[in-house]
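Consider the single chain below, provided in structure tokens and representing the form predicted on its own.
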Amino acid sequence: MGDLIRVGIAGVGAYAPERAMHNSELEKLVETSDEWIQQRTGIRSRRIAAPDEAASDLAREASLRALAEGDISPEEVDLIICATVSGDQPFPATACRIGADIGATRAGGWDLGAACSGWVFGAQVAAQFIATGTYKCVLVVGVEKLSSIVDYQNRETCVLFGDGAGATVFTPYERAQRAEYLGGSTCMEGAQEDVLMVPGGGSRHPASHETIEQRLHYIHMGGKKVYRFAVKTLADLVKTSVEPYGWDELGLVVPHQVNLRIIESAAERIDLPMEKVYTNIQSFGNTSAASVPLALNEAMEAGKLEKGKLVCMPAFGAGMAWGHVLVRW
């Protein structure tokens, strides 16, 4: 194998549905309150897609914005990786619909199902394809319409999740001229389905009257274990990825927006000031695979990404699976 090609992020884009569901609406559905939700999660509202909006519709808008931001035409895209657990249908891949909708006539594509870690894993795959010269332009989209699989009778989960999409375009660094990809990690602690899962609809529990009656087609979560695990994991990911470069090189941490209290506790664990951490969970909720690129786009538009500084993007989710992406902006 020859020398690897430097990899960069050429374009970033995001899209969120217009409707904002505030905590006061959830007070009418389950036994909860705005105060209870904010104290435990930091969330004030979350975006909810319209009934006729599919995941691919959200992804289309984010993808077109990322391509435009990077001055890249859809015809240049070689591959589309769609990270989602709430795609348009089990198959064909939602990536195929995205490609058709944006006019990426040359692109191949597939879906990547890793829940909250989806975009991080997709970014690592994209970077490897670019680094080896296999492709010159890879679009990675994190998109979720979680409102379609959230149980609005369960207050432990319905207060957390929202809908949205974020997209990034990976190219050789010479083309991108910013956000050089430095590396990432992928880790997993298998057989932890009971912690965060949708039990019904697959080969283990195919759709039936019983699975519908038992509400197995909605998100189920073991909150206490998720909280403890997430705090340690997020803290460790940031520490181990940034320390080799030196903390003075860190510009911003853009974590998966899992829960504001988890993010704050993880930052405290490694003495990281919250000024160095970007959060938007307050207005978007947990958007799973969409959360990191959606937050990255917002941080970019707000001028929070310092040229030449490190941007660390850690995530963890169902599986349990976790990892990070590190770039120099």
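What you see is a predicted model; the values in this text were computed from it and never measured. So that there is no doubt, residue numbering starts at 1 and follows the sequence shown.
Form predicted together with a small molecule: not shown, discussed below.
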### Query
For residue 181, is any heavy atom within 4.5 Å of the small molecule in the predicted complex, or not?
no
### Query
Does the 4.5 Å heavy atom contact test between residue 150 and the small molecule in the predicted complex come out positive?
no
### Query
Does residue 259 reach the small molecule in the predicted complex if we count a contact as any heavy atom within 4.5 Å?
yes
### Query
Taking heavy atoms only, is residue 265 within 4.5 angstroms of the small molecule in the predicted complex?
no
### Task
For the three residues 21, 45 and 285, verify that every one has a non-hydrogen atom within 4.5 Å of the small molecule in the predicted complex; reply yes or no.
no
### Contact residue in the predicted complex, chosen from 236, 189, 156, 101 - any heavy atom within 4.5 Å of the small molecule
156
### Summary
None of 253, 140, 120, 160 but one has a heavy atom within 4.5 Å of the small molecule in the predicted complex; the exception is 160
## Note on the structure
Note: the small molecule not shown here; in the predicted complex, the stretch from 272-280, 25-33, 64-72, 292-300 having heavy atoms within 4.5 Å of it is 25-33
